[in-house]
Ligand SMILES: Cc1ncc(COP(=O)(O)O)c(C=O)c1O
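Heads up, the chain below is alone and in the form predicted on its own; it's given as structure tokens.
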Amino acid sequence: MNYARFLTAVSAARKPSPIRMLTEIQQRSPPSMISLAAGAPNPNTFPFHSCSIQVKNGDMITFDETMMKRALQYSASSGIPELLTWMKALQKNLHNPPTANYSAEKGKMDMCVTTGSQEGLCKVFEMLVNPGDNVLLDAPTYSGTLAALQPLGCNLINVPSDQHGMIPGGLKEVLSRWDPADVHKPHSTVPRVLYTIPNGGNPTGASMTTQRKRDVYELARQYDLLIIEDDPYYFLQFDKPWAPTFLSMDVDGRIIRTDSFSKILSSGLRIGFVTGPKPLVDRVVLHIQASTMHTSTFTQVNEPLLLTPSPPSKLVIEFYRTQRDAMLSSADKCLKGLYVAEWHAPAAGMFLWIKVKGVADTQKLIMEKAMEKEVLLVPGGVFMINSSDPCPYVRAAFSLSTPEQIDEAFKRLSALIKESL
């Protein structure tokens, strides 16, 4: 893989921060090293001495004075060493990436810690997407992705999808506009990046099948595409066996994967990670050096302790499965018999994607009438490339509300839809 051809001019121009590099050298050095280089504050001035955190199973996580000093200090931009070691072992155990034993030049699997997967996504897009580039993605898609991509001035191209995610035949048809022989020609307009959410997609709840992933990966090989596998709901798949990931199929080093612990541990701790070919992960780290510097050290020190022996929690999966089933039951009771809406049961994630029949655009229905009735959903247009186009869909999240609240919300929604027809 020629990774240089994928980099934007901004990303290619990034240089290592000498100060950040010295911080990382100091952290790897023996205690006998005397450093007059770091501009770090003296931890003896910090007002925190120690802390204890009780987790729900009754265990206590205790940080003594020494650990607190470390947890509250600057750390390496790629992540603290023990967390990176833990996460690399996790990725190898979960996905067994073919690239794990490659050389760096060939695309050896590497990782870095990010402040939530959203930071990783934004930095990956900045690294790869130039103004005028053609970028492929399945639409509807996560509104945060659209918010990150659209200001970059790229052309977003919708690849058809359904309840099983991106349709390979649709991708093949879109790519047929270009000749694979033109991929490496100067000023070629052939897309270089494909973005997808493979499990429990936000907003649709769609999950890609194994065969679809294989077919999409083969098309990526044919057109030398990088695939951004944004998988924040990987740990919220309801049924075993889980489909293999793109990362597990990556014989070329063309997958950049973003993961998040927000859904199974805490969204407020803001921790995620980027996995991909080392030459590209290195570029993301250079951007982190110049922006956030690093993810909260306190959060990083906590992470392995909270997630050992390994995620995900079966209790978390069971909770969201029960929530999903409650929403499906309410939808069946309140909407199905009236033939006013249709949906597919999600196999992962937190969302039900509902098509309202007879309503061309749900914007006014949701943002005005539904709010008056004290039920809040998200109109489907915000997940579309052109949010001003009419959209008959709404997204309902089953993560926070109780089954009783979900049932009442669908009764109110049903009444609103009937009034609108």
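All of these numbers come straight from a predicted model, not from anything done at the bench. Throughout, we count residues from 1 along the sequence that is shown.
Beyond the structure shown, there is the form predicted together with the named molecule, which is absent from this document and is the topic of what follows.
No clash is found between the named molecule, overlaid from its position in the model of the complex, and the backbone or C-beta atoms here, as no atom lies within 2.4 Å; the site counts as open. Look at 83-91, 164-172, 204-212, 111-119: in the model of the complex, residues with non-hydrogen atoms within 4.5 angstroms of the named molecule sit in 111-119. When the named molecule is considered in the model of the complex, R270 lines it closely, a heavy atom lying within 4.5 Å. When the named molecule is considered in the model of the complex, S262 lines it closely, a heavy atom lying within 4.5 Å.
Of the heavy atoms in Y233, some are within 4.5 Å of the named molecule in the model of the complex. A residue is said to contact a partner when one of its heavy atoms sits within 4.5 Å of a partner heavy atom; Y142 meets this definition for the named molecule in the model of the complex. Contacts between stretch 184-205 and the named molecule, counted in the model of the complex as any heavy atom lying within 4.5 Å, involve Y195, I197, N202, listed in sequence order.
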